[in-house]
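Read the single chain below, which is given as structure tokens and is the form predicted on its own.
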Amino acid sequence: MTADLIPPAFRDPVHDSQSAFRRLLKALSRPGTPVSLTGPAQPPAPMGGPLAAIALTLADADCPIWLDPALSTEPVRRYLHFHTNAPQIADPKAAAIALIGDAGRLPGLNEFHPGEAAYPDRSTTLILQLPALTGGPSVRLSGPGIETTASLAPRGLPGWFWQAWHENAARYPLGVDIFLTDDRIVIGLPRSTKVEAP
């Protein structure tokens, strides 16, 4: 596939990626708070704009990425290779970033790297694309960046997810960090965030 057949990335790569990075930092510093995130106009399906924006902002040649089966298509692979040059790997535990297009079939969180005692920052960051960030089972979040508690009700997560997240938070400072996205919003879930069902 030649470059003219690959959908463009950001209109202004420097400005747009810096803006996206600031929004991702805001989402992680205020867990559970929706943050608007505009992505590239036409990422290859089924990749939504926010998921594409996160991938283009965080991935580079030194950042191995893992794609779930929903995103492991030739157009998506070529798009990410062309715009980021990030190595695409088959082992989720070796990934710095995991892109999940079908969150309902998400592998267990323990399938990803939780970091190491001396280097907890070497964990996998997961980006989960969901049908919606509202309308699902409601949970309460607490922890750093949340004044008291925050409510969250994303739709499309597997039934085991919140129990697995509880176990993930209990491993702090180890554990994975997660961004949840739909077609226009990102929500951050750093590993320090605790969850309970209301």
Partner chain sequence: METDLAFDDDDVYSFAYLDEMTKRMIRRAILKAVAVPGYQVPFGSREMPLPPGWGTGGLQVTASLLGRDDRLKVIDQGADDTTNAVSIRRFFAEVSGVATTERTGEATIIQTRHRIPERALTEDQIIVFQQPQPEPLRRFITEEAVARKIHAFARYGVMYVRLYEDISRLGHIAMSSDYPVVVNGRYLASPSPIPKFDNPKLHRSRALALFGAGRERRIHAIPPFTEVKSLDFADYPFTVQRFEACCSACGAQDSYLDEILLDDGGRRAFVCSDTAYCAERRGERTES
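Positions refer to the first chain, counted from 1. Note that the structure is predicted; figures quoted are calculated from it, not measured.
Missing here is the form predicted in complex with the partner chain; even so, the following discussion is about that form.
Do R155 and the partner chain share at least one heavy atom pair within 4.5 Å in the model of the complex? Judged by the heavy-atom cut-off of 4.5 Å, R155 is well away from the partner chain in the model of the complex.
So, in the model of the complex, is P87 in contact with the partner chain at a 4.5 angstroms heavy atom limit? Close contact is absent here: in the model of the complex, P87 is far from the partner chain, nothing within 4.5 Å, heavy atoms only.
Taking any heavy atom pair closer than or equal to 4.5 Å as contact, tell me whether P173 reaches the partner chain in the model of the complex. Answer yes; at least one heavy atom of P173 falls within 4.5 Å of the partner chain in the model of the complex.
Please run the contact check for S29 against the partner chain in the model of the complex: heavy atoms, 4.5 angstroms, yes or no? Residue-level check for S29: yes, a contact with the partner chain.
Which of 59-67, 156-164, 38-46, 128-136 has heavy atoms within 4.5 Å of the partner chain in the model of the complex? After filtering at 4.5 Å, what remains is 59-67.
Taking the partner chain in the model of the complex, would H15, A118 and R191 all count as contacting it (heavy atom within 4.5 Å)? Answer is yes for this spot.
Could you pull out the residues of 21-42 that have any heavy atom within 4.5 Å of the partner chain in the model of the complex? Residues within 4.5 Å: F21, R22, L24, L25, L28, S29, R30.
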